[in-house]
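Just one chain is shown here, as structure tokens, and it is the form predicted on its own.
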């Protein structure tokens, strides 16, 4: 399956909408896009996984790398995920303790407040 990536701005946040499968074959594209955003000056990044059907350890590694890079730059990194199969992956790997996980983009950006 293909990977789709779309970027939009919500307030001071850069939202990267990801769709499809994030695996060993597509994760490099996700990594490249995240690095472009961060190197381009984005400091508050939200990755919306709402349309992701599959996420493997390679994809998790890309997300961890982006989180570390943003923390080094005094930025913030959050994930939007409401799909139980993906949430289970975050719980099993204890990454739910590492990533701020939100049910919606509005919750992640504070846009609804």
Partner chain sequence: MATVRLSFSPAPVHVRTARLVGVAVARRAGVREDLLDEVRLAIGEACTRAVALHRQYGVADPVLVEMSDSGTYAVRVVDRAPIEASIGLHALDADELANESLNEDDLTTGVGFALLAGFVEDLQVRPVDEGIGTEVRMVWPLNR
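The structure displayed is predicted, hence computed values, not measured ones. Numbering follows the first chain given and starts at 1.
Just so you know, the form predicted in complex with its partner chain exists too; it's not on screen, but the next bit is about it.
*Asks:* So in the predicted bound form, does residue 93 come within 4.5 Å of its partner chain, heavy atom to heavy atom?
*Replies:* The answer is yes: residue 93 has a heavy atom within 4.5 Å of its partner chain.
*Asks:* Is it the case that residue 51, even though its partner is missing from this view, gets within 4.5 Å of its partner chain in the predicted bound form, heavy atoms only?
*Replies:* No, residue 51 is distant from the partner.
*Asks:* Although its partner chain is absent from this view, report whether residue 17 comes within 4.5 Å of it in the predicted bound form, heavy atoms only.
*Replies:* So residue 17 does not count as contacting its partner chain.
*Asks:* Heavy atom to heavy atom, is residue 105 within 4.5 Å of its partner chain in the predicted bound form?
*Replies:* Result no; residue 105 lies far from its partner chain in the predicted bound form.
*Asks:* Within 35 to 59, which residues come within 4.5 Å of its partner chain in the predicted bound form, counting heavy atoms only?
*Replies:* In sequence order, 53, 54, 55, 56, 57, 58 come within 4.5 Å of the partner.
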